[in-house]
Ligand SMILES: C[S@@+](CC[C@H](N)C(=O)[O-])C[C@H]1O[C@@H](n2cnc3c(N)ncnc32)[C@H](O)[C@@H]1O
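In the block that follows, a single chain appears as structure tokens, in the form predicted alone.
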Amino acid sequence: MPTLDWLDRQAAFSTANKTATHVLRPHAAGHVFGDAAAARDNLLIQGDNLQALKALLPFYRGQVKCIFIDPPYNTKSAFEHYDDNLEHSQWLSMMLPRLQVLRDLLREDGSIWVTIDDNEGHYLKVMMDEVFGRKRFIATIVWQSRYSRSSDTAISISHNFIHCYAQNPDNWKLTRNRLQRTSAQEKQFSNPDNDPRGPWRAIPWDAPNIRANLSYPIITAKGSVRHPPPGRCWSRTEPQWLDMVSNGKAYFGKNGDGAPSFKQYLDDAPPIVPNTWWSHDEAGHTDESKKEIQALFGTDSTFGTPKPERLLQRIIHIATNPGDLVLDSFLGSGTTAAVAHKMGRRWIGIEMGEHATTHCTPRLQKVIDGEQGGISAAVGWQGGGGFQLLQLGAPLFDEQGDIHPEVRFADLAAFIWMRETGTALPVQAASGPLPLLGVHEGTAYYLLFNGILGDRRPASGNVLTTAVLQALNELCGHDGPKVIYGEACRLGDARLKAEGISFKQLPHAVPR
């Protein structure tokens, strides 16, 4: 497969692995907004997005249904909130590790959508082919982001691109949602014959290729015999055609003697398949998005490249269902989180700048309060829910390789489970209070750390002794093989072998 080459390409491929995994902690500016129970489902994180994505991996690996990102376009223009003036190679090196971690966060039935323009759009496509695999490419959507023309350019730019990839394209095609018809699209249906079943449109009965079982004669309403056009066949079997005839759906044109077709009634017509051209009247435009921001924050508030809520509504509708998890690691003004919240999706937003607290937090608070801008009326939004505001804490391991003092049981448990199993740690395991993290492919994984046993055994139960092993067997025993992480082990090799235990000493045995 062709690959993209640039300065420091090899170093960029190792950036994600070399980035330390940090813990996530409540933000100093506040923690829970809105309903506390609902807030557990939605996270707003302030911090470097690569570090934040790495912090999410132990808890959300393979859990995100839809990723939308609107990264800096590298347009060599000065944005107030972004340094969008990276050299080409720097931009590619910035994007690659983030895409790698985002790939690992996607669910098996998930998809990723990335907006971009002509400056880096085609390079990004090649990079995403390499990161996700060309077979996972779904389409590049052309979004008509502007409806007016600019007179100061050779050719006025009217569009942005949206690259879409899915983890499993064949299954995703079957499970993604279709779009509701617009009023303009409904005008394709009419009722010239006053059919009591309402408006309809004629769908041709022929199809490409030649198949013997689909090449039967058809008698028109006036008695003529019709055969498939040259090089084609009928689209369905003869019994299916006769069923159309008996149900009054067969149609041969105004004169009753034309090519066979059938009536598709508006009431029976399925939602439409998304296509790659998204006009501004269907998906919004940049002027609309700027007005949305000004309505939220005042006319003096500007943001370089906000996206309209209707654009995010369209993507989230196609890619998710209520309750699914949506992630945006370039959250910007908070549009993705706001739209996901209004549509009943769980969400995670990451923003490194001050506007995580000056823009995103107040905007999402307004959403909770029931603000009526953007898509609110269209989806019947009246407010509710909540979210957590988090920030990056210490790395799991300090410069000497020791576990950082700020690390808690849930932080280390999720990291170890992910490294051992390649999956996200179940929520109940991360919260304790048992040292059993779970059973994966027949092996049980235990962590003795931070006094999880809560007693007076050596090092608060962090050392594997006979008494601690007995407690483990009584509290959360397992008949098969066991992997136990702890500060030290006082059992001999023979005892460990007899008990089916593989002991791994903290912190040095933790796979990084």
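Counting begins at 1, following the sequence as shown. What you see is a predicted model; the values in this text were computed from it and never measured.
What comes next is about the form predicted together with the named molecule, which does not appear here.
Taking non-hydrogen atoms only, Gly47 approaches the named molecule to within 4.5 angstroms in the predicted complex. At a distance threshold of 4.5 angstroms between non-hydrogen atoms, Phe409 is out of contact with the named molecule in the predicted complex. Contact between Leu327 and the named molecule in the predicted complex is not found at the 4.5 Å heavy atom cutoff. Put simply, Leu331 is close to the named molecule in the predicted complex: some heavy atom of it is within 4.5 Å. In terms of contact with the named molecule in the predicted complex, the residue from Ile403, Met127, Leu296, Met352 that brings a heavy atom within 4.5 Å is Met352. A heavy atom within 4.5 Å of the named molecule in the predicted complex is found for one listed residue only; from Arg136, Arg98, His280, Arg314, this is Arg98.
Segments offered: 319 to 327, 238 to 246, 333 to 341, 381 to 389. Contacting the named molecule in the predicted complex at heavy atom distances within 4.5 Å is 333 to 341.
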